[in-house]
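Below you'll find only one chain, the form predicted on its own, shown as structure tokens.
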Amino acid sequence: MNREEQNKTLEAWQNSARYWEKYRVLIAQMFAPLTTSLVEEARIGVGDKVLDIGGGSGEPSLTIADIVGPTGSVTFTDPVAGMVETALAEAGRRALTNIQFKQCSADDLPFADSTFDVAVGRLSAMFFADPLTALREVLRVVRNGGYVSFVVWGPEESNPFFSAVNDAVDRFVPSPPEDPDAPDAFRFAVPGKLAGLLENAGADNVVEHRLNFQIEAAMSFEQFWQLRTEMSESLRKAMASLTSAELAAVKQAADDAAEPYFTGGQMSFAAQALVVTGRKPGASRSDV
């Protein structure tokens, strides 16, 4: 990705930051299974010094801060100023003192070699400007034997939380041919793609697990529609280009597609993610 494209991506996320703050509690609830999986895969425990890559509106940093306790620490990073501000404010509301915050990109981490015990990224690797460089950077700042773990979305067709709206919009707003390596929510949906990059970056014992879970929350389709169309920069732009009649048709098509996932005010979407974990080569402290 060149500098101009990178700046456009960062600007889009900056525009979205206020909506991620608006729905922060819902996002934490809906994607909690992803955080749980990362904690388990990366073997995070009391006293660990953890790096969170692309922490967005605060997760998984806020959850991990409670797990590592006062003897551990979490360093939250994100390249988007609005996301850093949101996460910092929430940590202040919770009176958490074991989180540090740094605005930086994954491919240029301002930390010394072997600074952290563990590094994780929840739904961030798909948007790295230079994934291979970023993965090498993450491995550089983790101690020998330390775990690095990332969770990314599986195929869009296995994630109706996204496709219910995206497919409806695509009928009215033609999208350009996709570059499979461009930053996108489903950039690493192909099994083995991110795992292969992590191996190329120098990680040992790389494993990939498919995580099937439910995206659940107490909300109606109307609330879901608002959440999806506000949080996504691409959807906001697409909606702005539609006539009122087209917008009504898109919303109805999305409602029809999403109907099976709403019952009695409760939303429950089947979802699929990939969890990719590796270790930095060399003996860990527990091995010596």
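The shown structure was predicted, so the numbers you read here are calculated from the model rather than taken from an experiment. Residue positions are given as counts along the sequence shown, with the first one as 1.
Below: the form predicted together with a small molecule, not depicted.
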item: 4.5 angstroms heavy atom contact with the small molecule in the predicted complex for W13; value: yes
item: Proximity of W20 to the small molecule in the predicted complex, heavy atoms at 4.5 Å; value: yes
item: The small molecule contact in the predicted complex: A254, any heavy atom under 4.5 Å; value: no
item: Proximity of N159 to the small molecule in the predicted complex, heavy atoms at 4.5 Å; value: no
item: Answer option from A258, L62, I44, I27, heavy atom within 4.5 Å of the small molecule in the predicted complex; value: I27
item: Candidate stretches 74-82, 138-146, 174-182, 87-95, one within 4.5 Å of the small molecule in the predicted complex by heavy atom; value: 74-82
